[in-house]
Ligand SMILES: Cc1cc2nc3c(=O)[nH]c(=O)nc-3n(C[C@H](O)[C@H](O)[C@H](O)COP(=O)(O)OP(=O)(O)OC[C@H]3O[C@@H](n4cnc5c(N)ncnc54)[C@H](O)[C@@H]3O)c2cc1C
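Next comes just one chain, in structure tokens: the form predicted on its own.
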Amino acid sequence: MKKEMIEQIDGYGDIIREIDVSRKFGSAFKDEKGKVKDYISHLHPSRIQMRVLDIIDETGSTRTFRLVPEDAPLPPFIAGQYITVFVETGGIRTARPYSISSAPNQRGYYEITIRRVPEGLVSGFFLEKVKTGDVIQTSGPQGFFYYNPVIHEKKVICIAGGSGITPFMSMIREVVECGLDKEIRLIYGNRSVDDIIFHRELTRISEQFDNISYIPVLEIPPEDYSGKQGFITGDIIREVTGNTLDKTFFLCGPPAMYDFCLPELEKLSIPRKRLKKEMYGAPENIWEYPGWPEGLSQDETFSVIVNNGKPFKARAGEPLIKALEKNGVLIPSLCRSGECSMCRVKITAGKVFQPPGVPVRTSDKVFGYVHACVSFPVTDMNIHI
């Protein structure tokens, strides 16, 4: 645009005068030129080199790993977020997300708490092979499962199952360590007393702080147990919460817990805007979900071709991303729950099955993109990455 035309724009003279004043009285940022990328990289690093400082036994199947950075300060995070760990084990390079269980006000380290998963590649690697002093690579903090004081009530109901306690542990620790004006009632379901993670700490905190309540629920309680028993039902939730109108509900646990608890919460007429659910990986029993092809066994295999390369086999009951990794095809991934969309691939031929509720963009549906972490092959297929 010519200078003569620019000078005719309304307010041109005022802008020029403001520029002159800023040059005379404003701060000079010439020394900061070129540092924007460094600031962004510190707050949102794509990779962090971490050293295992300590390993803490929590239960017979669960350990907490305290991780310290090797070469740079840790970026801040919000209680409830996760990091993704990148490992190579059994000849397979893969990644898994784990919620940070330490409090965000603790800036010297992150803690992740890992429970053994049956046939779990990464959980087995951590519990059996990782030792203090080892160096691992992680992502920066990610995720949206956190408390927002602008939209969430001060009274929070946290419903956890198994290792789903980890993001809530970070939230609870922050509240008590920072004296936050927030009330948390934790309903925590487990199979037995021996399975409860952080049981002693949660008991101590709830006894010491009036704004933290801890209600364990056991499927198989000991004979002398007088607490809540069975599953986390609507009756238990109502008894613990009382009036549900002034509370925000957070839910984190295995898919089976969601399948049971979400209908129970619906019975209490809790609006969707006051219910926040964490993503928790691909379903383990995808073949039991509505819409699964009739007569298709989870063990049936299909041929997969990536970028016109050599075909390999993928099992119907296993997420596509695992089949890709087992055959040396690496794609970016973070949440592995269908939320972050990092693992998107384009299906050029064939079909996959995805469980209901996967947040796939409309444009992705139109052009054939799927989230590989929650997509299950149901025919032979070609993929473009």
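The shown structure was predicted, so the numbers you read here are calculated from the model rather than taken from an experiment. From 1 onward, residues are counted along the sequence shown.
We do not show the form predicted together with the named molecule, though everything after this point is about it.
- Picking from 222 to 230, 168 to 176, 276 to 284, 199 to 207 the stretch near the named molecule in the predicted complex, with a 4.5 Å limit on heavy atoms, gives 276 to 284.
- A heavy atom within 4.5 Å of the named molecule in the predicted complex is found for exactly one of Glu119, Glu294, Asp181, Asp71: Glu119.
- The partner is absent here; in the predicted complex, the one residue of Gly140, Pro216, Gly234, Gly124 having a heavy atom within 4.5 Å of the named molecule is Gly124.
- Taken together, the three residues Arg47, Arg66 and Ile136 lack any non-hydrogen atom within 4.5 angstroms of the named molecule in the predicted complex.
- Taking the partner from the other structure, the named molecule in the predicted complex has a heavy atom within 4.5 Å of a heavy atom of Arg115.
- Taking the partner from elsewhere, Val352 is found to have every heavy atom lying beyond 4.5 Å of the named molecule in the predicted complex.
- Contact annotation: Arg51 falls outside 4.5 Å of the named molecule in the predicted complex, judged by heavy atom distances.
- Not displayed here, the named molecule is kept clear of Phe249 by more than 4.5 Å at the level of heavy atoms in the predicted complex.
- Looking at 67 to 95, the one residue that comes within 4.5 Å of the named molecule in the predicted complex, counting any heavy atom, is Tyr82.
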